[in-house]
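A lone chain, given as structure tokens: the form predicted alone.
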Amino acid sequence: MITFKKTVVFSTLCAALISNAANAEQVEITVASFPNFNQVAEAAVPLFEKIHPEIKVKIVSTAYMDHHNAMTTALATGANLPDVMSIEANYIGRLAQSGGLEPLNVAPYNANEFYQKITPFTLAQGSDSDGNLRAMPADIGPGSLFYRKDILDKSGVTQEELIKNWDSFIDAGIKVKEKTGDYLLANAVDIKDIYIRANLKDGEGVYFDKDHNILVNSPRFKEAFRLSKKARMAGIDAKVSPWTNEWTEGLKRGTISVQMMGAWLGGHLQDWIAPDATGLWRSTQLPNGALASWGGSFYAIPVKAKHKPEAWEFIKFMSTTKEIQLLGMKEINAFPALIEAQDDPFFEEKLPYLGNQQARLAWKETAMKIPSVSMDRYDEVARQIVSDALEKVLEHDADIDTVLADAVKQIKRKARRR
């Protein structure tokens, strides 16, 4: 059972709203979600239904890939649509641009009333190319660097050396490998993933500009590929992919000493990847002052959903209620999109797992500086093609200019077919 310190707030909400809904006919809404984002909704449902007895919530959760594939198909066909659709950041561009989701910034939803309360960059993530908000932010992923302090100490590497710039980062990895035999990185691809997203200006896109021109064959991508290749050639990456057994085992044993991801990784490290490593891990900013988002979750309403008013009530509750936003942080370390939740004293707590760092304050500072990057419906297509291109460089020593030029051609061909 979940309890909150500020029960008075909920009691007041309940008293005000239950009286209006007491005689209403109950409507059941379906919320389609994925692990472990579904845990927050499941924990919050009893509180929501207490305030809204006229609404019953059914959570349907399937595996991450299965869920997003099913939602993509449902929007394309109009069949098997939920009332509330959960969407992870990697898929938000494709689904937000599909035309199958309600614009939430206009009547009857008027989500724009909440814009000043939401972390700015994530609103751009959930918007289409015309600026309409198609998905409401629930949680965000401020890009962070987690490292094993004990391994860096053994290697004679300081945090400053690690994050000064990207070439210094790679040099630090060489020292770690020479002194301890451990790898700095799980995969050199991580450098590319951060670099191509880092420090863009508000309104710019990762793979496409506002006019849908392809940006892949540009100095930004070429430098990202160069750095990734340099790391691979230096032998500082373990050549394993995130979420594999090899990856989790490497982080657990410390044979992988650095991982760059969203701030939520701290919770994964503590709860299930390396629970016995309390005090060994630290969190800091990304190399070269990079500012980038990594992950995040959204709620949306399909245009053909059956119970839109009720769906919106649920989404508002999940995304604009401080206590629920904090619940997400406490349940699954989902960093809240709601600024009011970030201002809670909970964020000032020292984290024993991270050597008593006040890491949440640093993550909050990063989140407020991340640029509002625009999304494109073909971002996922471009992402896969670019990833394949980098693999050719890393595995087969292909020429960077050649593979990126070819990537542009492939993106154009696939975009025309869709």
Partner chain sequence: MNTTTSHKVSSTLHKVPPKKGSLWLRKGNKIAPYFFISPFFIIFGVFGLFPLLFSLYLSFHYWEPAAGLSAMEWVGLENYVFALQDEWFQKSIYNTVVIALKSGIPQHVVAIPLAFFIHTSFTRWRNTVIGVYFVPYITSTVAISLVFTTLFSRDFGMVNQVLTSLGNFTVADIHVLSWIFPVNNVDWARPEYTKDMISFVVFWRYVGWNTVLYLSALQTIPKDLYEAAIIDGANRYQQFWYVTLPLLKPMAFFAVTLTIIGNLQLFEEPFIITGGTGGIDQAGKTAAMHMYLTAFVESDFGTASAISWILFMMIAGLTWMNHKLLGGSNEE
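Small disclaimer: the values here were computed from a predicted structure and weren't measured. Positions refer to the first chain, counted from 1.
The form predicted in complex with its partner chain is left out here; the points below concern that form.
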item: Non-hydrogen atom within 4.5 Å of its partner chain in the predicted bound form for each of Gln116, Ala124 and His212; value: no
item: Contact stretch among 30-38, 350-358, 367-375, 63-71 - heavy atom within 4.5 Å of its partner chain in the predicted bound form; value: 63-71
item: Residue contact check: Gly262 to its partner chain in the predicted bound form, 4.5 Å heavy atom; value: no
item: Proximity of Lys239 to its partner chain in the predicted bound form, heavy atoms at 4.5 Å; value: yes
item: Exercise: Glu395 in contact with its partner chain in the predicted bound form, heavy atom 4.5 Å; value: yes
item: Non-hydrogen atom contact Arg282 with its partner chain in the predicted bound form at 4.5 angstroms; value: no
item: Sole residue of Lys330, Lys179, Arg253, Lys222 within 4.5 Å of its partner chain in the predicted bound form, by heavy atom; value: Arg253
item: Partner-contacting position among Asp202, Glu160, Glu340, Glu249 - heavy atom within 4.5 Å of its partner chain in the predicted bound form; value: Glu249
item: Heavy atom within 4.5 Å of its partner chain in the predicted bound form - qualifying residues of 321-360; value: none
